[in-house]
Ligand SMILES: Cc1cc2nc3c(=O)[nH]c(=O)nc-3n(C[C@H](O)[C@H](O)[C@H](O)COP(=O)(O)O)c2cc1C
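Only one chain is given next, in structure tokens, and it is the form predicted alone.
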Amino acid sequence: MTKKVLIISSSLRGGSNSEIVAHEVERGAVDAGFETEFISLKDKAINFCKGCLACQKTLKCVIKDDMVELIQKVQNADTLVFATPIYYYEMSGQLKTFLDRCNPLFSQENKFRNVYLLTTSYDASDEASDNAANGLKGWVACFEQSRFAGLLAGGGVNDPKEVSKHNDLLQKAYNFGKNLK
């Protein structure tokens, strides 16, 4: 049985470095034999969670936007890969809103077991992605059957498509995709 890998890019910028890295991870995953789906949040209507917790009883969100379909895709994927640019040493607001809106999954059976994070940032330090990784680890901890399986951080890139000049990082991204679990 082929594992389903869902890759979600949260950057809203055209020529996004994090999205380019995510596509390299996707290419590696495809070459490794995974069934992949790539989703960009760029054109998705995703409203903020209202905190009503109705989803804990109905298993569905009361907000009718693009998250209705996206939640089902997350629930049915074996492996999740989230890509985000780092803003102020944290994940993008789009990704945080997306994760908050996945609240209906909390009380349900989900297929995903391994969750990965891809980041790009201007800051090339090893610590630049720590807060984003910790935020995602907190989300993953809410799903007992799942684990945070890895981080690929690409620092030292800022301008649109700048990462395209960093062949070493693109190769790491490709290899990261080939080795997903």
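Since the structure is predicted, the reported quantities are computational estimates derived from the model, not experimental observations. Numbering starts at 1 and follows the sequence shown.
What follows is about the form predicted in complex with the ligand, which we do not show.
> Does the ligand get within 4.5 angstroms of any non-hydrogen atom of L99 in the predicted bound form?
No, no contact at 4.5 Å.
> Contact between I71 and the ligand in the predicted bound form at 4.5 Å, heavy atoms?
It does not: once the ligand is placed as it appears in the predicted bound form, I71 has no heavy atom within 4.5 Å of it.
> Whether S121 contacts the ligand in the predicted bound form should be assessed with a 4.5 Å heavy atom distance threshold; does it?
Yes, S121 lies within 4.5 Å of the ligand in the predicted bound form.
> Does S164 reach the ligand in the predicted bound form, with heavy atoms at most 4.5 Å apart?
Contact with the ligand, no.
> Which one of these stretches, 136-144, 60-68, 24-32, 113-121, sits within 4.5 Å of the ligand in the predicted bound form when only heavy atoms are counted?
Careful reading of the contacts points to 113-121.
> Out of 78-103, which residues reach within 4.5 Å of the ligand in the predicted bound form, heavy atoms considered?
Contacts from 78-103: P85, I86, Y87, Y88, Y89.
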